[in-house]
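Only one chain is given next, in structure tokens, and it is the form predicted alone.
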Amino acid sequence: MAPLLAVLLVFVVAPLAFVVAVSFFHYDNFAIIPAFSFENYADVLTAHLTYELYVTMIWFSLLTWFFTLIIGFTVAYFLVFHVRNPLIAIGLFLVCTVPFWTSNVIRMISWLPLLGKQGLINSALLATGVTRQPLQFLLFSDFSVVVSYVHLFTIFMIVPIFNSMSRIDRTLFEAAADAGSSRWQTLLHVVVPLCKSGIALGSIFVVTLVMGDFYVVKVMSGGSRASIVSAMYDDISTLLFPHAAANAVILMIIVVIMVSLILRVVDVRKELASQR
């Protein structure tokens, strides 16, 4: 385990320790002064903008988690239980990963010509007479931000759920049918409990990715929204490194709490051990 521990110490523990140390430093006229002061945390925690940004990002995280869970679970269920040929199922699963062969920025920007006032969706709605005016909420709004998040991060929900579902013993479905369970009852009482580990892992991926986002909120909201990381970027661009470091430590604590809540609901180790 020594090589792994060495890598973790160099690339994980040391940078985090450095950020925590800098968060207590003092800065004056863009000069960083080594010290031990809580003024950076006081500035961050007493600012109304901080709470507004965290509430916004947590709200986006919850919405993205909900929609990615619905879509990810449905896609994984179809691939595992409705595609009879394993090769075709694996092929379709790989198709889901094709968009990740391109940059996240390109995939995000691809929504602009679709959701804009003169975009394909509004043009189709106007042409069919569904609406008389272009829908304003489609672009540069919370709606477009959530759509982009769901598009970017759904695959992170599909993969762990697909992995959990593929381990389910098919004889359990026969036993459930013999016991008189309907398809919905089998889904709720057999499939979902046995996929809790995949759901938990997918939830951790999605929540951490949304909370650590930098560019989606800024671009897809038209600048009307901001993220925690974008606030850190603004601090760094003005050489306020201790203030940015304090914000980073607070964000890390918030994300750790959110992940801990997920792991408290689902014991991933126990669930994975029970599936072996």
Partner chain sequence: MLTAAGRRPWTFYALAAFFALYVAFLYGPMICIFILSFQGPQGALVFPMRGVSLHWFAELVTQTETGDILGAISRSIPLAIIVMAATVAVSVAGGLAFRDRFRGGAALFYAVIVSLVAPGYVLGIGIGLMFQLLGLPAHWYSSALGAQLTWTLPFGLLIMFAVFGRFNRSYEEAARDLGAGAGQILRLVVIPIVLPGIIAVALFGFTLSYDEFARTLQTSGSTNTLPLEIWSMTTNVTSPVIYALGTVTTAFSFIVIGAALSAIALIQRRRYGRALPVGRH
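Because the structure is predicted, anything quoted here is derived from the model rather than measured. Positions refer to the first chain, counted from 1.
Keep in mind the form predicted in complex with the partner chain is missing from the figure; the text below concerns it.
No residue of the trio L45, F66 and L194 has any heavy atom within 4.5 Å of the partner chain in the predicted bound form.
Although the partner is absent here, T74 lies within 4.5 Å of the partner chain in the predicted bound form, judged by heavy atoms. At a distance threshold of 4.5 angstroms between non-hydrogen atoms, T208 is in contact with the partner chain in the predicted bound form.
Contact check for W101: a heavy atom falls within 4.5 Å of the partner chain in the predicted bound form. Residue contact check for R107: one or more of its heavy atoms lie within 4.5 Å of the partner chain in the predicted bound form. Taking the partner chain as it sits in the predicted bound form, the stretch 46 to 85 comes within 4.5 angstroms of it through a non-hydrogen atom at I71, T74, V75, Y77, F78, L79, F81, H82, R84.
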